[in-house]
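Form predicted on its own, single chain, as C-alpha cells, below.
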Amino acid sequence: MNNFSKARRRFLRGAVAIGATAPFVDMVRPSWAADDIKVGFNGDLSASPSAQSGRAAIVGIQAALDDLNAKGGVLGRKLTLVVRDDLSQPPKSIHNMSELIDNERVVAVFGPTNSGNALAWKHIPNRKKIPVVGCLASATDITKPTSPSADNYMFRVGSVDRFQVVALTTYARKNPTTKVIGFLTETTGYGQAGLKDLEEVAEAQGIRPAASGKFGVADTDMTSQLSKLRDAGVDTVLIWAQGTPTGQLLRSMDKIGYFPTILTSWAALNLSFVNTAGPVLAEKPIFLQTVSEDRTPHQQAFFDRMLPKLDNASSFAFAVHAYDAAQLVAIAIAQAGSTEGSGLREALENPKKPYEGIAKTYHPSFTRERHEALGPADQKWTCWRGGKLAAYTDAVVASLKPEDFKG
C-alpha cells in the first residue's frame, strides 16, 4: 500500500470519528439541530494525491468550528460542517455545489481542491448568492467577478498563481546568474493557466523566454522537452505543473545531467512531488508557500495541534488557510447579524475589525475590489531539505523589495 492510500484510509477513519465527510457524516450525525448554521466543503478528498490538501482543509475548518462552538458559536447558534468529496471530477463538483446550497442549505462553502472545478461551478454560488471562500485551488481567475459590475461571491484565503508567478519571475530577473530563461508547463488547465500568467508577467517584466515546452500530466519521460531548453542555453527554468509531473521532470533532468536553476509552483509542497523525485532531487527547486517554516509562536502552537491529524507536515499550509477562512466567515456572520447571502458578502467585503489569524493579521481581510486575503507579500520562499520543508533564502531573496514585484 502506498503512502497516499495509507493517508486516505487514516483520514476516512478520522472523518468517521469527527463526522466530517459525506456520506459518513449522515451516518454519524443523522440530523443536526434545526438552528445549526451549516457551512460546506466541496473538494477532492480521496481521488488523487492532491486530495491530501483537501483532507488538511477539513482538519483546519473543523478546528475553527470547534473553537467557535466552544465559545458559544455565532449568533448563539452552533456551526456545523457538511462535506462533499468531488473525487476531483468537475461534473461531481458541480453537482455537489448545487446539492450543498439547495438541499443542505449551507450559508457558505469552502474549497475546492482543484482549480478547474472552481472555474466550472463559480457561476452557481454567484447566481444563488452564497459566498465561497477558497482555501486550496490557486488559479488566478477563480476570484474574478463574472462581470465588471457584478456582485462577486468568490473569495479566497490561500495562494494565488499570479502572485507566485510574479515573485518567481522577479527572482529570475534579479538573479545575476540568470542569463537565459525557459518555461515548462503541463497540458492540464492548471498548467496552461499558469503558462498564461508566466507569459503575461514575463512581458510586464521585460523578460523573453528563449524556449518553452509542454508535457502531459502522466508523462514520465520529458527528456526531449528538456533537451530543447538545454540546446537553447536555458540556465533558469520556470515550471508550472502538479507535484507528480514536476517530480518526473526532475528525474528526466537527472537522466541527461541537465540542472538549470529551477523555480516552480507551490505544487512542489505536495508529498507526491518528493515521493516521485526522491529526497535528493527534490532539493533542486525553489518555490513559495504562504506559511514559512520559520514559524511564529502562534503558528507553531497551531502546527503542534494540527500535525497529528494531517497526512504529513507539508500540508500544514492548507489547514492554516482553511482555519482562517472559517474564522473570517464566522466574523462576517456575526457582523452581518444574519446568514443571508448578500449581507454575508457585504460583511466579508467590509470587515469592521482586524482578525489575528494563523497566517497573518488580516486588516482588512477583503474589500469589494480585492477578494484575495493573502497577497504577494505573504509568499514565503521554500525548498526541501533532508525530506522536510525548509525556509529558503539567498542573496537574491534577501535583496528583493516590494517595488521589484511587477505584473
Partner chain sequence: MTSTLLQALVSGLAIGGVYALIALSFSITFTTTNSLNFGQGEFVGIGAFLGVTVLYVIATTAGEAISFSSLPPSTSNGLTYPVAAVVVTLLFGVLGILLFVLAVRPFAGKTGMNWVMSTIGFGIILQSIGLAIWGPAPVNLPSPLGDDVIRIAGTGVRPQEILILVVALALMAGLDLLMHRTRVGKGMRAVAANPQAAALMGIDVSSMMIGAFALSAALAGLAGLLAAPIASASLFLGLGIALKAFSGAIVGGLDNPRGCILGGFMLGLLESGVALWNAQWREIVIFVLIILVLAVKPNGLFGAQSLDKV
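Keep in mind the model is a prediction, meaning the values are calculated, not measured. Residue numbers count along the first chain shown, from 1.
The form predicted together with the partner chain is left out here; the points below concern that form.
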| remark: The one residue among 228, 144, 92, 309 placing a heavy atom within 4.5 Å of the partner chain in the predicted complex is 228
| Which one, 98, 178, 192, 205, lies within 4.5 Å of the partner chain in the predicted complex by heavy atoms? | 192
| said: For the interface check, one of 104-112, 74-82, 250-258, 160-168 should have non-hydrogen atoms within 4.5 Å of the partner chain in the predicted complex; which one? | reply: 250-258
| With the partner left out of view, is residue 300 within 4.5 angstroms of the partner chain in the predicted complex by any non-hydrogen atom? | no
| Is the gap between residue 216 and the partner chain in the predicted complex 4.5 Å or less for some heavy atom pair? | yes
| query | Looking at the partner-bound form in the predicted complex, is residue 151 within 4.5 Å of the partner chain by any heavy atom? | reply | no
| query | Would residue 220 sit within 4.5 Å of the partner chain in the predicted complex, counting heavy atoms only? | reply | yes
